[in-house]
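In structure tokens, one chain follows: the form predicted on its own.
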Amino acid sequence: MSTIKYICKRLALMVFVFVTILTICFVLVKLLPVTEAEQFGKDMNLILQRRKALGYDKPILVQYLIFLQKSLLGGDWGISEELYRGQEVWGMFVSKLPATVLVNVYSMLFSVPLGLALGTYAALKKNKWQDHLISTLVMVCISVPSFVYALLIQYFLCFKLQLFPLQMNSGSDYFTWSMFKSVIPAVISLGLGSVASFTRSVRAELSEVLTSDFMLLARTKGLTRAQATVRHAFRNSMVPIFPMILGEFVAILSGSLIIEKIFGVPGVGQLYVSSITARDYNFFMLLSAFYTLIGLVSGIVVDISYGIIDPRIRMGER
């Protein structure tokens, strides 16, 4: 019962935070200058009609209520005024979502197994040169921003060695070899940080578990080191690691704003950056809501998963 109460409380707080952030974004957008409709030429009448429907000529409180009714409840986020003039914002967003999902799914498939393997190996070789080498590389990967990797990968692998194209292929043939090859640089750039994070966490947890008393008991009962590690140590160390992996999968849609821009990935990340620079406010509001919701849902899923993975954890109890 306490778990259900805790989940309901977290969901209520999530809705409150989501609406609060969206309200702040809405107010700040309304303080910015609006492009005169006359500058849109043949699209002027269409822009004027949609602005009138959204209450641009009314007080900001009325505009906000119309926004909640039409956008959050009705799914009508308006039309693009700058990036894709006259196109429905929601339709363009949905059309660009698969590219972001593709890049991030490939990134997780690359980073999770590699991070678990390196972390396990470093824990088994604790305080040896292999452990020191992996720990040093992890520290470097975590400290350096992902866009630095992106530029280095783009220069050496794409420009100098010409192993991959500089930009992701256009089109919707996402499961062809040509498309897969073009997306590898972006996948590596996104995955390096996750690999380092997983490696550090697995190494820390597994190293602690391997020195526990129950591991000594398992060895004295006749289990080999490999058997004890797989059956007991690895399983117990995954309790805090698995929610972290689960959170990454839930946050898969968030993508990477800078990486998508560098490698020309036609996804929502690049669309978000472009909407800010072009002052396309309708796109900005939709994408702000999208990224905020993904972040909040990810946090809730991770917290709840602790109680599911480890029955000893009771969410919401004092």
Partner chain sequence: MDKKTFDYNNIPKDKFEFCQRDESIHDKKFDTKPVGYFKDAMMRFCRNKSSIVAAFIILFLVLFAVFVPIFCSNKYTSMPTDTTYLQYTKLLPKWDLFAWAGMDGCTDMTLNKDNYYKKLAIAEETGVNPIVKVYKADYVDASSTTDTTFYDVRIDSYTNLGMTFLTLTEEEYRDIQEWQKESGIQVIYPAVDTSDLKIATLKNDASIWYKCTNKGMPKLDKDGHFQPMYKTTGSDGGYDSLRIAGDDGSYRYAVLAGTSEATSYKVRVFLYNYFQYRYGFEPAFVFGTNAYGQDILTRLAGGMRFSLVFAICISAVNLFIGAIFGAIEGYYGGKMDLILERIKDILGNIPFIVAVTLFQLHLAQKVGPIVSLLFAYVLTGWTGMAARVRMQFYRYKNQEYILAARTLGASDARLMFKHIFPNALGTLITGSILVIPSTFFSESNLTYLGIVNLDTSTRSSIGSMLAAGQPLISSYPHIMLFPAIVISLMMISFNLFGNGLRDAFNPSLRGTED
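Keep in mind that this is a model prediction, so the values were computed, not measured. Residue numbers count along the first chain shown, from 1.
The form predicted together with the partner chain is left out here; the points below concern that form.
query = Looking at the partner chain in the model of the complex, do all three of 17, 139 and 257 come within 4.5 Å of it through at least one heavy atom?
reply = Answer is yes for this spot.
task = State the residue from 147, 90, 242, 121 whose non-hydrogen atoms include one within 4.5 Å of the partner chain in the model of the complex.
result = So the residue touching the partner chain in the model of the complex, by this definition, is 147.
query = Does residue 200 reach the partner chain in the model of the complex, with heavy atoms at most 4.5 Å apart?
reply = Close contact exists here: in the model of the complex, residue 200 approaches the partner chain to within 4.5 Å, heavy atoms only.
Contact flag, residue 143 vs the partner chain in the model of the complex, heavy atom cut 4.5 Å = So residue 143 counts as contacting the partner chain.
ask   = Using 4.5 Å between non-hydrogen atoms, is residue 61 touching the partner chain in the model of the complex?
value = Answer no; every heavy atom of residue 61 is more than 4.5 Å from the partner chain in the model of the complex.
task = Give a yes/no on whether residue 283 approaches the partner chain to within 4.5 Å in the model of the complex, heavy atoms considered.
result = Residue-level check for residue 283: no, no contact with the partner chain.
key: Partner contacts in the model of the complex for 260-297 (non-hydrogen atom within 4.5 angstroms of the partner chain)   = The stretch touches the partner through 261, 262, 272, 273, 276, 279, 281, 284, 288, 291, 292, 296.
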